[in-house]
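The data below hold one chain only, encoded as structure tokens and taken in the form predicted on its own.
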């Protein structure tokens, strides 16, 4: 059986890279007594995959992984078992058994379903941002930046570098939580309040923050750090990535009507 797990990553664990996260969960599943399915061959390993792995230094309310199990107890019991062995900085918030895929159709992974993700970008306390002294000043400057017809950046990959207009990849902007939720609700297929867990995002007191929904996935992908770098370059300042905390709030798949839903239930729509 295939299971989709949603987990949070926060605190000191934000400094753990993706490969170490994968190894950590492999050990955690064994400690929790999960009946994991293993690959065949000379070097068998637990079958698992992650949706858009998080970069080092970022925190998240909504990381997704798919695992294969040979057997399972009730989701509530499985949640208790896995959280009992996790260290501070990881917390599993959902355990969802996926419906069996048609035998003639390859099961879709969480990664293949992704269309976009929400981020909260906050200025850390103790840091300053050049040219910005308040949340209102930041909001006005960013709206002026976003009001441009195009936002061109040099986007680099492992093998190429090309100019890309990233403005179409930004589908939502907000500057406080109430505004973010009100703009998000019309975009979603699922009930927002029923699908939100208590956030583990760090809280800062300077009021300089930004909510963004960006394209995420194999066909179109934009990192919030690139948006912030483009913004500061437009202002004539250098972007200090260490001054800003990026927190992923949620990831979304898209249904055939263009509405968005979380990967946890995407296979059922």
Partner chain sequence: MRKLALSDEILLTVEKPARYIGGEVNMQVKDPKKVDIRFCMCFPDVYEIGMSHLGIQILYDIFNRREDTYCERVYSPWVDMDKLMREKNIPLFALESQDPVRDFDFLGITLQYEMCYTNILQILELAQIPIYAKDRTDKDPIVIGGGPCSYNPEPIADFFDFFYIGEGETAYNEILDIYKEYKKAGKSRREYLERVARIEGMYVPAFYDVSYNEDGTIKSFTRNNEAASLRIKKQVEMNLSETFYPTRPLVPFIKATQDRVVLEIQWGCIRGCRFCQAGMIYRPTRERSLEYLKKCAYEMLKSTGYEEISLSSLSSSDYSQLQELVYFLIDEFGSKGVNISLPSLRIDAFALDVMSKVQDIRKSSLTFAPEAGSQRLRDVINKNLTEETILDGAMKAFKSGWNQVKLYFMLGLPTETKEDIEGIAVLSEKIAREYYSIPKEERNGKVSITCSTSFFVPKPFTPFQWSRMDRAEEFIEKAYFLKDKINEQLNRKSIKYRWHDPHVTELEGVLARGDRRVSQVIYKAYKAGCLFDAWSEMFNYEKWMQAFEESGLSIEFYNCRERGEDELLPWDFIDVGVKKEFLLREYKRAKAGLTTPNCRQTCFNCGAKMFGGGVCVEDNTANEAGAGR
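Computed from a prediction, not measured in an experiment: that's the story for all the values here. Positions refer to the first chain, counted from 1.
Form predicted together with the partner chain: not shown, discussed below.
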Next on the checklist: Is residue 127 part of the interface with the partner chain in the predicted bound form - any heavy atom within 4.5 Å?
Outcome noted: yes
Next on the checklist: Just checking whether residue 259 would be counted as a contact of the partner chain in the predicted bound form - the rule being heavy atoms within 4.5 angstroms.
Outcome noted: no
Checklist entry - Can you check whether residue 53 is within 4.5 Å of the partner chain in the predicted bound form, heavy atom basis? => result no
Item to check | in the predicted bound form, residue 202 touching the partner chain (heavy atom, 4.5 Å) | outcome: yes
Checklist outcome for this item: Note: the partner chain not shown here; in the predicted bound form, the stretch from 212 to 220, 227 to 235, 37 to 45, 61 to 69 having heavy atoms within 4.5 Å of it is 37 to 45
Checklist outcome for this item: Answer key: of 136, 165, 112, 87, within 4.5 Å of the partner chain in the predicted bound form (heavy atoms) is 87
Checklist entry - For this chain shown on its own, do 12, 16 and 31 all sit within 4.5 Å of the partner chain in the predicted bound form, going by heavy atoms? => result yes
Checklist outcome for this item: In sequence order, the residues of 210 to 244 that place a heavy atom within 4.5 Å of the partner chain in the predicted bound form are 242
